[in-house]
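Taken one at a time, structure 1 and structure 2 that follow are two forms of one protein chain, written as structure tokens.
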Structure 1
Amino acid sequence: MSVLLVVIACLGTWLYLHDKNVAILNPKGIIASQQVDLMAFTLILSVIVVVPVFTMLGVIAWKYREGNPKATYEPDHEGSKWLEVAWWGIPIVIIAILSVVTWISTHELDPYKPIASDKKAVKVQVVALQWKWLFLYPEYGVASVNELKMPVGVPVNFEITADSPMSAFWIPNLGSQTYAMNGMSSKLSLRADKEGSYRGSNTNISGEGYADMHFQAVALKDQAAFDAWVADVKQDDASAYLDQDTYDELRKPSKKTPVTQYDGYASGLYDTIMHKYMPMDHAHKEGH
């Protein structure tokens, strides 16, 4: 009966999900793929412990139920050295294995570590605002709001800060989120391996418009397609220039900000935003 229920529940869940984007289990980049593998490994290791536990729980509870004439009753039975050694021993071994895996994987998946590649990485500076995302492409001199473009197969090194309450930058199909904080530049390296448009969002509450704070990360076919996009933005008459005044206007809280592209921005904008939050004397020493 209960097995049937579980089967029906699983089937129903699969039917519901099969045409939807289960982003984390559907990785489109190298980091997210490694994370799914890591998750599967950890889960299998846990199941090795959990299955015997549940089996024992069920079997012992059933066998020693009150009124079972076949069960022995020993009210003073209060321990067994070997069983207890096993209880401590088995989890210690499992956790020891998992610890080694944790140590190695934490270093491998360190968001600050640039992804190794023979291609030159693209640098993107990300600014969390109330309630939209600003992306600056310093090597290309363009910028965009609420839409991130990146080439497939090329690592993207993000520098992430906030001119808003603490936020977090996350593209689940591509992997690893990172906090965006005032006066600090967090780092994150991602690589998309498949063309497509992936939803990204803020995961850390940042005020009333928090739920609106999502964007699309568009992975373009290759570096050439990305270069073509940059050229387009620069030529497009609709693209504006993001000077300090335009930025100050953009910074004001707003919801449902449309995708915007800029064919250029005030030099040092990212540093200006960062230094706003640094102590005065510090900023002076660095010449701002």
Structure 2
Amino acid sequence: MSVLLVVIACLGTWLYLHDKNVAILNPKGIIASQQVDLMAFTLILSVIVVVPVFTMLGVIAWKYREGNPKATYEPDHEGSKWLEVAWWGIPIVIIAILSVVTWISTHELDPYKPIASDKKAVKVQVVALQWKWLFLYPEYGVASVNELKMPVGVPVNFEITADSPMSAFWIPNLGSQTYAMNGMSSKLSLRADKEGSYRGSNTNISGEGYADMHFQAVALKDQAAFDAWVADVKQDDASAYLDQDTYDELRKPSKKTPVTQYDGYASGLYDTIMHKYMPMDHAHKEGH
């Protein structure tokens, strides 16, 4: 009965998720794919323990129920060495396997570790504001709010900080979550392998506008398409320049901020934002 319930629960969950676009289970990048594989591997190992335990629970409860006259009462029975080896040995082996896999995957999926590629990575500096996301492209001289553009198949190296309460940067379809904190520059490397638009969000409660603090990560088909987008932003009359005064206005708390693009921004803006939360002597050393 216990096995049947487990099978029914697994089947029901699979049927429910089969037609659902659950981002974390629908990887579109190399990091997210490795993370899903890791979760599946861990789940399978866990089932090896969970199914036998719940099966034995049901069998023992049924066999030794009060109304079963065939059950033998043996209070002096000392047990079985082979059974003890099994129910201690199997979990120990599984924990050992999980320990090795965790050690390897922790280093392989280190967010600070750049993704190996024969293509030059795109650098993006991310600033978490109340309640919006600012993306700076220092190698291209453009910026955007609540929309992240990247080329398919090209690694993106993120530097992430905050000019607001602590937030958490996460694109489930592409991979790891990383915190955005004042005075600290976190790093993250991701790569989109399929063209499309993926939802990014803040997964750390940061005030009343937190629920709407999300953005679209748009993976363009190749580097040429990305370069074309950069050129369009620079040539678009609707694009503004993000100087310090414009930034000071942008950083004020606001909800559901529309997508905005900037054809340029103040030099060193990211460092200025990060260093204003650092002690003066430390910021001076960082500047050198």
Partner chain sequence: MFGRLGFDALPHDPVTIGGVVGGGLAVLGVVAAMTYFKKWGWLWRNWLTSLDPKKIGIMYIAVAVIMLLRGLADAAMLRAQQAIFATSASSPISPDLFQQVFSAHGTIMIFFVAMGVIFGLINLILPLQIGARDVAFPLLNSISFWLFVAGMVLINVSLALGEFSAAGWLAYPPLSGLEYSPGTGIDYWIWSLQIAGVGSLLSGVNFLVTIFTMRRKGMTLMKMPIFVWSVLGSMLLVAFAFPILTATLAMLSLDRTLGMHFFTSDLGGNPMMYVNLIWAWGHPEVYILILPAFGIFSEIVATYSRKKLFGYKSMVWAILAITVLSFTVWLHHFFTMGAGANVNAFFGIMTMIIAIPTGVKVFNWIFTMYKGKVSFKTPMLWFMGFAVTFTIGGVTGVLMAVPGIDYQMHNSLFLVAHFHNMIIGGVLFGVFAGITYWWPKFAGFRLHEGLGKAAFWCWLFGFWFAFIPLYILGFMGAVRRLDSYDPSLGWQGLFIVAGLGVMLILLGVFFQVVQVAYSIWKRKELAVGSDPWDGRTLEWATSTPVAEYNFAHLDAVQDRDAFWAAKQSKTKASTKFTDIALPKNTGTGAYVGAAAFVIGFAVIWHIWWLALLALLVLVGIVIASTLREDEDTEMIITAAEVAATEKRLRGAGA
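Start at 1 and count along the sequence of structure 1; that gives the residue numbers used here. Just so it is clear, the model here is predicted, and its values are computed rather than measured. Between two forms, the rigid core is defined as the largest C-alpha subset superposing within 1.5 Å.
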Label of the structure corresponding to the form predicted on its own: 2
Flag for Asp118, CA shift 2 Å or larger between the two structures after aligning core: no
Rigid core superposition, Glu139 Cα moves 2 angstroms or more between the two structures: no
Core-aligned CA displacement of Ser80 at least 2 Å between the two structures: yes
